[in-house]
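One chain is shown next in structure tokens, namely the form predicted alone.
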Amino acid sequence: MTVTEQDRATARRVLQDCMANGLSPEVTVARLALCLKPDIQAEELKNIAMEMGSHTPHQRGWLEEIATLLSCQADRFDNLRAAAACVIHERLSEETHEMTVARLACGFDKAAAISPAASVQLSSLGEEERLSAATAEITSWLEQQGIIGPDKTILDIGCGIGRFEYALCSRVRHIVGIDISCGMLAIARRRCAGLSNVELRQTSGLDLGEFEVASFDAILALDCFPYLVLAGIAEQHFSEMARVLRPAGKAAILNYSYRMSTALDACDIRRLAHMCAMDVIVDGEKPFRRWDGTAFLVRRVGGT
């Protein structure tokens, strides 16, 4: 089997898995960009999607929409691949925690330079409009869970390009965004210029030691824990979140790891919550249509 044939088989498998799991066309295109080698181009992927047989009108429409996205987004698809390739999702041999975090920071800088939107969510396909729609969907869920409110002080761990700072600033009292990537923070500062209740800080990524006990009403950790797991410092960060949360404060962990096992992630979340005297309120749900993240919500014991 040639490399191209192998890639075609992989592409069909990715499409079939995404179809079976009911993932959106945008998420599916992002999965193709993440999983496939550059040998297979957007045009060929479009043809593979169109060649796949389907017995239902819904599935045919789904495949046609993917083909349309690939046909219209050939250049953006290359950018998605390039942005995804900047961040290596493996722990390198003999890497310390500090070395892993520093390498990730460099990778995020490079990804943000290629495509700010894709660097924080591949399923945006590099488009600000799609990213804003996904951000609004997540924001609505956060509001339903009591994470945001006009009296809330929020910590956003791994704030990236500041999309949630911009989206939440009118709905909270104060929001602090921290990130390890100076390139992403530069974009965030431009996005949030003039917003008096938004604070952006570059952090070491190793802990939350710069914040005092019971500093925040809520914490948002969107797609940052997979990298904390990778660096071997997830448990420490979980403990630190419990320390800086006020009694009854909540933390939304949206994606705990990239192990592709909700059961394993849920087991770790429950163990860490018990260790840190926290309750698990949302245990591995998938409430979003525009993004395939897995949601966990934990609450610090205490308060009313």
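Because the structure is a prediction, the values reported are computed rather than measured. So that there is no doubt, residue numbering starts at 1 and follows the sequence shown.
The form predicted in complex with a small molecule is left out here; the points below concern that form.
Checklist entry - Pick from 168, 200, 111, 222: which has a non-hydrogen atom within 4.5 Å of the small molecule in the predicted complex? => result Of 168, 200, 111, 222, the residue with a heavy atom within 4.5 Å of the small molecule in the predicted complex is 222.
Checklist entry - Which listed residue (134, 192, 228, 147) meets the criterion of a heavy atom within 4.5 Å of the small molecule in the predicted complex? => result The option sitting close enough to the partner is 228.
Item to check | Option from 116 to 124, 73 to 81, 192 to 200, 168 to 176 whose residues, in the predicted complex, bring a heavy atom within 4.5 Å of the small molecule | outcome: Residues of 116 to 124 come within 4.5 Å of the partner.
Next on the checklist: Is it the case that residue 142, even though its partner is missing from this view, gets within 4.5 Å of the small molecule in the predicted complex, heavy atoms only?
Outcome noted: Judged by the heavy-atom cut-off of 4.5 Å, residue 142 is well away from the small molecule in the predicted complex.
Item to check | Any non-hydrogen atom of residue 233 within 4.5 angstroms of the small molecule in the predicted complex | outcome: Residue 233: yes, in contact with the small molecule in the predicted complex.
Next on the checklist: Given that the small molecule is not shown alongside this chain, does residue 154 nevertheless sit within 4.5 Å of it in the predicted complex, heavy atom to heavy atom?
Outcome noted: No - in the predicted complex, heavy atoms of residue 154 and the small molecule never come within 4.5 Å of each other.
Next on the checklist: Whether residue 216 contacts the small molecule in the predicted complex should be assessed with a 4.5 Å heavy atom distance threshold; does it?
Outcome noted: Outside the cut-off, so no.
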